[in-house]
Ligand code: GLC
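Next up: a single chain in C-alpha cells, the form predicted on its own.
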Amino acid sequence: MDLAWWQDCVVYQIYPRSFQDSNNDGIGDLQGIIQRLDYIKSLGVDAIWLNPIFTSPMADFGYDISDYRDIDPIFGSMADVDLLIEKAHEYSLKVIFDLVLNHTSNKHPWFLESRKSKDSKKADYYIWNDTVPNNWKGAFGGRGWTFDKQRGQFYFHSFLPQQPDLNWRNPATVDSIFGEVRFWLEKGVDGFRLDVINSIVKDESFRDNPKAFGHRPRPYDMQRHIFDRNRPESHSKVKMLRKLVDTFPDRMLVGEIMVENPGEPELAASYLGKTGEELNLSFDFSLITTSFSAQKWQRCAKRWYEAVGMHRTPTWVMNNHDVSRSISRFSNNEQKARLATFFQLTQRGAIFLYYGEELGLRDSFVYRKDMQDPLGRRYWPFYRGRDAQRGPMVWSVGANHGFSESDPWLPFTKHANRYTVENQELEPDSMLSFYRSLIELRSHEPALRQGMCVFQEQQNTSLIVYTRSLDETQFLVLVNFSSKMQSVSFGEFGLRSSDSEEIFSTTSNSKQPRFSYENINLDGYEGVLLRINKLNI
C-alpha cells in the first residue's frame, strides 16, 4: 500500500534539555542533537519529535511560550534550527515540533497587549471575566482563574497562572495562531505534536464542571471536565488547522488528548475525524496506564483498533516526558520491558518511542530539594513530579556520561554506566541491539507496519496471540506475559510446525526447545514472531 510517511512511521521523542549538551552549561541543546544525528539514524527511526524549544520563561519548561517564532537561548538560535532541519532531512529523518496552542506564557506580547485594557487591540485574545464565573480548576493547582490588576479582570488558565489560555472563539486569535503554524511549515518542519489540543475551546456560558466521585489529592481531578475541554467547536477548529497543514505537502499533526479517566480511546479517535479530516494521528495512553496483563493489554489494543477503524491510523506509545519510564513501572524488569516493546512494534500504525528507552534507561531519583517540576513541587509527596523520567541521556562511561562537561540540570539514573550507549554498542544482546534489530525488522516487513491485526482468542490467560497479514505475507505473533514457560498448539491454527519459520524472539538464549510435539514453547516473558508459510489462519 502507498501510505504517507506518518501512517507507519517510528518516531523518536527527544527532550532537548536532556539529550546532549554541546556548550557545557549542563542543559541539552540543538547543536547537541545535531551532533547525535548519526546515532539517531542508526536506530532505524523515521522521525524525531522535539519537546518545545521556543522562547519561554520556563515556568513549565517550554510549555509556556513567549515567542513562537524564536528559539530560547538555552537551546540555541534560529540558525541552529535551520541547520537541524537541513541535517535531519539529509539523514531522511522527518522533524516534528511540539506546539502549544491552548495557551501562551503571560510574557507573550499578545497577553501583554490583552491585559492593558478591555479596549486593547488584543483584548479578546484570552479568556477574561469580571468575576470568577465557575468552579474550573487549574491542572497544576488552585482555581483556574487569576485576577490581573492591570486589566481589572480575571483570566482563565488550564495550568499555571503563568499560562493564560487563548480564546479560540475569537477569529482574530485563530488567525494569529495559524500564522505561527504557517511560519514553521514554511521553515520546513514536517509535523507538529499538539499539546492538549482537545482543550482549546471552552464553554461559552462558563458552566460549572460537575463533581467527580472518589478522592484524589489534586482538586483538578475531582471534577468531570465537561465544560473546559472537549467542546464540539474544538473539532471544527482542528479541521481548520488540518486544512492549513494540508496546503503544504507531506506534513502531519499528532495530538495529545487529555482524558477524564485512563483508557478512553474513543475520545482520542474522535479527534481524527470521522473520515480522517482532523488530526492525522492522536495519542491513546491506555497501555501506559494498564497493568501488565495479557488479557488487559489485548482488550486495550482491540478497543483502540476498533475506535480508529481501518481507514484511520492507530498510534502506539508506551512512554513520554510526563510518565514514569516503562521499565521503572515494571519494577526494573528488563524482560517485561522488552516484551512491551515487542508488542508495541508489532502493531499496525505509527510508533512513538522516548529517548533512552532503547537503553533500558530507568527513572532518575530526584530529591525534593532538587526538584524542578512545578507539579511535583506542589503535590509532594503525593506526586513526585515528572523530573525522574526527564533525566539526562547516558552516552559513555565516566563523569557526566558524555552528556556534558558540567553537572547536568537533573541527576542521571543510578548506576548509569550500566546503560550507556558506549557499553551497549559492544554487547550483541543489549537492549540497544534489541531495539535496532526489531525496528529494522519492522522497516523491512510491510505486513508488520501496515497489515491487518487479528487477535486469536486464547484459553491461556497468560498469552496474547495475533496475526499480521498483508497480501501473501502472514506472521503469527505470540506474547507470553507470564514468568513461566507456556505452550501453544499449532493445531489451534490449523498448522504444523513445518508451516512456520521463526523470525524474531525477545529472548536470545531460550531455555526450552521452540517446537515439541507440534507445540510452540515460549520462555517466561518471551515474545516470538513466526512467519507462516500457508495462509489459512
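Start at 1 with the first residue shown and count on from there. Since this is a predicted model, take the numbers as computed values, not measurements.
The same protein also exists as the form predicted in complex with ligand GLC; that form is not shown, yet it is the one meant from here on.
Undergrad: Counting non-hydrogen atoms within 4.5 angstroms of ligand GLC in the predicted complex, say which of R325, R390, K202, H157 makes the cut.
TA: Flagged contact: R390.
Undergrad: Though ligand GLC is not shown, can you say which of H225, R386, R251, K237 has a heavy atom within 4.5 Å of it in the predicted complex?
TA: Partner contact (heavy atom, 4.5 Å) among the options: R386.
Undergrad: With a cut-off of 4.5 Å between heavy atoms, is V196 one of the residues that contacts ligand GLC in the predicted complex?
TA: Contact check for V196: yes, within 4.5 Å of ligand GLC in the predicted complex.
Undergrad: Examine F140 and determine whether its closest non-hydrogen atom to ligand GLC in the predicted complex is within 4.5 angstroms.
TA: Close contact exists here: in the predicted complex, F140 approaches ligand GLC to within 4.5 Å, heavy atoms only.
Undergrad: How about E278: is it within 4.5 Å of ligand GLC in the predicted complex, going by heavy atoms?
TA: Flag for E278 set to no.
Undergrad: With the partner left out of view, is Y63 within 4.5 angstroms of ligand GLC in the predicted complex by any non-hydrogen atom?
TA: Contact with ligand GLC, yes.
Undergrad: Within 4.5 Å of ligand GLC in the predicted complex, counting heavy atoms only, one of 213-221, 188-196, 455-463, 348-356 shows up; tell me which.
TA: The contacting stretch here is 188-196.
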